[in-house]
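One chain follows as structure tokens, the form predicted on its own.
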């Protein structure tokens, strides 16, 4: 498995775990991340590749490239 394939597989597993933990339909966490990005981009200049959302059962973490959690 190449490095990009490993990264994609890891992202898919993370998405499945988040979906299970939040007890929501598949894709809901991804939709939430996309909505957060679009909302924030109305007020500040953000590039999609510099914006990450990490969702756990109790928290939502938003990270910009260069910032630490």
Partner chain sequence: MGEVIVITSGKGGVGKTTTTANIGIGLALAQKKTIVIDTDLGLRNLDVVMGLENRIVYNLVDVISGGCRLKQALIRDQLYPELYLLPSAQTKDKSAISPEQMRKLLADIKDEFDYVLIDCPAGIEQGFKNAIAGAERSIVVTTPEVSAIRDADRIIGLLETSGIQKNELLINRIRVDMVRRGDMMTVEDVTEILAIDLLGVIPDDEQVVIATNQGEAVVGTDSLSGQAYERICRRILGEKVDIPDVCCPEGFLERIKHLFSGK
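Here, rigid core means the biggest group of C-alpha atoms that superpose within 1.5 Å across both forms. Numbering follows the first chain given and starts at 1. These numbers come from a predicted model, not from an experiment.
The following text describes the form predicted together with its partner chain, which does not appear among the structures shown.
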Q: Kindly confirm or deny that 28, 32 and 40 each have some heavy atom within 4.5 angstroms of its partner chain in the model of the complex.
A: no
Q: Could you confirm whether residue 16 comes within 4.5 Å of its partner chain in the model of the complex, counting heavy atoms only?
A: yes
Q. Do residue 47 and its partner chain come within 4.5 Å of each other in the model of the complex, heavy atoms counted?
A. no
(Q) Is residue 61 part of the interface with its partner chain in the model of the complex - any heavy atom within 4.5 Å? (A) no
(Q) Residue-level contact is defined here as any heavy atom of the residue lying within 4.5 Å of its partner chain in the model of the complex; does residue 65 satisfy this criterion? (A) no
Q: Answer yes if the CA of residue 11 moves 2 Å or more between this form and the one not shown after aligning the rigid core, and no otherwise.
A: yes
